[in-house]
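Next up is one chain by itself, shown in structure tokens, the form predicted alone.
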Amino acid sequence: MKVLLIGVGGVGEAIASIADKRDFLEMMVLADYNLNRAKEVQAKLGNPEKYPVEQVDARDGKQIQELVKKYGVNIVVNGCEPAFNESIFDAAFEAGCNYMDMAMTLSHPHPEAPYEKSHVKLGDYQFERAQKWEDKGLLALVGSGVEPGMADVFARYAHDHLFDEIDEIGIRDGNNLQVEGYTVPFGFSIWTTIEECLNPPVIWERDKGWYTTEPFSGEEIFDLPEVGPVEMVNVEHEEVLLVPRYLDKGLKRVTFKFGLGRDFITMLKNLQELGLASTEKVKVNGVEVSPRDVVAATAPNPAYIGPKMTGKTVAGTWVTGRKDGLDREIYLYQVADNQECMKIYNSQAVVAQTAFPPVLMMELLAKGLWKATGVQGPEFFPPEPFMELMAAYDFPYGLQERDSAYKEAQKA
């Protein structure tokens, strides 16, 4: 497979590093607006022929199309902030090339009732164009990271194999990570974290459809394997938009909750109150700048904090329902230990955990184990090949059977 990777930040570097160890990859073009960053990653990989570098403006569809043609790539992998998704998605289509991203096109809140009604939802732009992609025989695999991505595969696996009826599918993510010298560091893309945490969280219910609520609402304590109890809150995320499109079995509710921590939530609220979360440009000494871009440029870069980080991060899918007439509750999850990720991949845990799933999915597509056209989320595909491949990548999953009538019956 020949890949055009647009965006070679922390996740992009980890994608290249992980893919380098697999036999499906013939070439990966490292394309970034910052050419020096692309060259830095190329030097680490040590194979300039396999990893050519290019400078690209992700907003310029013509440049992307020219790179697709120049290298004859099979797929465009979008490793940029979601703000660039529309231009990269459209450029891949115009170039006649398959596409993959880890976060879908952005939402826009309801103008009158932002904390009650959904409006333009995550991925709407892409799914509205699904028929055109299908007519052209192309695939756009959207939401292929860890969350969304792996979590959606877990949801499909639970749906197909572990339940007869489903009440709720909830993504639950948290960690005990600490970074020496920092109280509230960003473990992932700064721009994206601000976007998803301050936007109105979206929830799906069978009787109501998609609706929104206040940021940081729905507090609960969730016990994470190898980490322990973590306070979690509602956060806007793609799984809530994807899961109901593909899965049923009586599904009543879909949620996403993340363990942000009190200090991190306070910091985000302060950014919002000061106007520093805004993407609208303001004039500073005659220069127009986006406040959020300034925060992203000045905060510690998630790609470089790994050596100072300790702890584990847990991503997973919590499902409740019934099996064989008995109530059942499970948590399918993956644990990433920062020390192990740094030792093996030289990437911090949050970044590495995000990078594994798209590489697995690329391999499944390259080997024909996943096939599709149109715009599809990970739930569309059979989950078994992905989950079987996780062990080969040294990226194992766990299944926790939580207290329930079904668990007690299994003991007996």
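Since we're looking at a predicted model, the values are computed, not measured. Counting begins at 1, following the sequence as shown.
We do not show the form predicted together with a further copy of the same chain, though everything after this point is about it.
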Within 4.5 Å of a further copy of the same chain in the predicted bound form, do 182, 186 and 267 each have at least one heavy atom?
-> yes
Note: exactly one of 233, 198, 271, 162 sits with a heavy atom within 4.5 Å of a further copy of the same chain in the predicted bound form, namely 271
None of 120, 130, 299, 326 but one has a heavy atom within 4.5 Å of a further copy of the same chain in the predicted bound form; the exception is 299
Contact label in the predicted bound form: residue 208 to a further copy of the same chain, heavy atom within 4.5 Å = no
Contact of residue 221 with a further copy of the same chain in the predicted bound form (heavy atom, 4.5 Å) | no
Would you please decide whether residue 261 lies within 4.5 angstroms of a further copy of the same chain in the predicted bound form, comparing each non-hydrogen atom pair?
-> no
Non-hydrogen atom contact residue 215 with a further copy of the same chain in the predicted bound form at 4.5 angstroms = no
Among 223 to 231, 253 to 261, 279 to 287, 167 to 175, which stretch has residues whose heavy atoms lie within 4.5 Å of a further copy of the same chain in the predicted bound form?
-> 279 to 287
